[in-house]
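The data below hold one chain only, encoded as structure tokens and taken in the form predicted alone.
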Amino acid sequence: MRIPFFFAIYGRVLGLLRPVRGLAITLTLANLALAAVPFLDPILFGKAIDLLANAAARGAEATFHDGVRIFGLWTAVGVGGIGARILVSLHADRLAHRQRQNVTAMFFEHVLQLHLAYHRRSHSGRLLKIMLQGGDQLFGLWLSMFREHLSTLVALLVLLPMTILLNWRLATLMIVLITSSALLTGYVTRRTLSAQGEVQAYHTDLAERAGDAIGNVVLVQSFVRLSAEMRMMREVIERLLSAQFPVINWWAVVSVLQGAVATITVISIFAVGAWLNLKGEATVGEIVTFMGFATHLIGRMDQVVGFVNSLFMDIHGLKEFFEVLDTPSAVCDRPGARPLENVRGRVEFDHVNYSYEPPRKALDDVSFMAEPGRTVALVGETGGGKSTAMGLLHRQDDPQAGAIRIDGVDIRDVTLDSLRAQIGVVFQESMLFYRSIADNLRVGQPDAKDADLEAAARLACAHDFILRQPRGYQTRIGERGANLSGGERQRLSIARVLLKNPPILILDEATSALDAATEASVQQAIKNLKQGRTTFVIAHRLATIRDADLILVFQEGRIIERGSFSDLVRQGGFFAQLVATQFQNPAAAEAGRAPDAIAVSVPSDNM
């Protein structure tokens, strides 16, 4: 990894300031003033010394007149510097704090929009670490830039070369020494950049392992994994330290050498200045001026080394931050997309093809029609394409060929939010926030009244157990609903969709976690809810799809059979084998060894 990458990342850090560029420009101008003040001070001091040294020859009146002028200018420079410092002190912190929160929110929003396949590949602990660490690193860089680094850059790149106008001999000596220090820092940076990348990878590994263990603490405890998890954690820590210490050693060398360069610079300027003074080529004031320059620039170089060191330590974390931001969302609104409104619920799959990894197709020329109030089951082995079809319906991704339409409108031509607002999903795995029961129910209907919550909970057979909670509907239910049983979590998920009241439903194993008595009640609630709506029901037990208007049998992404439950059983094909497996061997079916099924509302007369 080379130095241009180093500056490219820093350029992106500055690019994030575009929304506040007015304030950033103001602070930049203030930093120009702050950079000039430390250079003007030694110059005016040197002028004052030369004025006093020549006072006897020039006379008291001329000396006083020039002294007032120098003193007035010096006072103006000091007051201007104070004003610039006040401006930077007041607003640099505010800008950095505000932008850290804005960028963190932007990162958070972007991550939530990324394709589900990305989230399946990425650990949530890693993404959380990148977001929080990246925000802190950006804050530190913005703050230090406006407080120190910008004025340092101006001092080194603009004002330092201008010292040649004062005394080119002393200026050349100082430039050579300062440049040598900068080259040393650049050498160490290039030498250790890749090693720091390895260190950052270990930090990410630590975050993933810690998040994995904490998120599965029940598994850790029940399988007595504490010692094993700690052993693996310590191994990663040891590898991290083994990679980090050589990097630290290099920067320790830089620190020592910077001190040596500082000492050499001061001694050299004094020695060369004295020699030039003896030859009449430098005044005492010029020597004092350049000694002031040297002292100031040595401090600036210490700041540069500190800045490079901090950016160096953060560079790979920032690289991860920008890589996530650069990850495109697989699905986004087309230009001119319009809201999907007044939905009746007519759903059509028209020769749909989709592949996760070509050439194998997850869906191969799938076509069917779904009208409100009709139910069709999609049955097949795991990986047959059933869940993929449902994912495409609410645009987890888009088909690579063919089209999906709602009420005759291609779903790619409508806004993503309006599409998903028309679809309610009860997932096989209940997904709940670490919030109150009421907040979880209001996920799809934020403005729902308490009476609406209770009505939906009653329909889902959830009201009674909610009232048994310590604070009723205001009870916080733990991470992923950990304080509730599986059946209770599933009933909350059903109540959530009932409250949303969408025209299109997808029920993914919606009753799988319920006991027989509760399932009967919920099935009745779902039956009432389906009236006038297109309903997709994903069910493991084939008994739950007996009343489906049409059953589509999927195999390797294709529909190989279609018909009613009784028709398919009489045909004696693949579906009949599935039914025989479950109903002739209930134990095997209940153990989950039988293929799953999906029910979908589709009119039989359109097949």
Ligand SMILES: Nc1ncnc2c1ncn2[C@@H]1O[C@H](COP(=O)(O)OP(=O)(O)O)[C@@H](O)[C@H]1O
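Just count from 1 along the sequence shown to find any residue number. This one's a predicted model, so the numbers in the text were calculated from it and none came from an experiment.
Keep in mind that the form predicted in complex with this ligand is not shown, yet the notes after this line are about it.
**Student:** Is there a non-hydrogen atom of residue 242 within 4.5 angstroms of a non-hydrogen atom of this ligand in the predicted complex?
**Tutor:** Looking in the predicted complex, residue contacts with this ligand do not include residue 242, since no heavy atom lies within 4.5 Å.
**Student:** Heavy atom to heavy atom, is residue 360 within 4.5 Å of this ligand in the predicted complex?
**Tutor:** Result yes; residue 360 sits at the interface with this ligand in the predicted complex.
**Student:** Taking this ligand as it sits in the predicted complex, is residue 481 in contact with it (heavy atom to heavy atom, 4.5 Å or less)?
**Tutor:** Outside the cut-off, so no.
**Student:** Residue 117: heavy atom within 4.5 Å of this ligand in the predicted complex?
**Tutor:** Because a heavy atom of residue 117 falls inside 4.5 Å of this ligand in the predicted complex, the answer is yes.
**Student:** Quick one: find which of 229 to 237, 384 to 392, 142 to 150, 100 to 108 has residues within 4.5 Å of this ligand in the predicted complex by heavy atom distance.
**Tutor:** That would be stretch 384 to 392.
**Student:** What is the one choice in 168, 223, 356, 275 with a heavy atom within 4.5 Å of this ligand in the predicted complex?
**Tutor:** It is 356.
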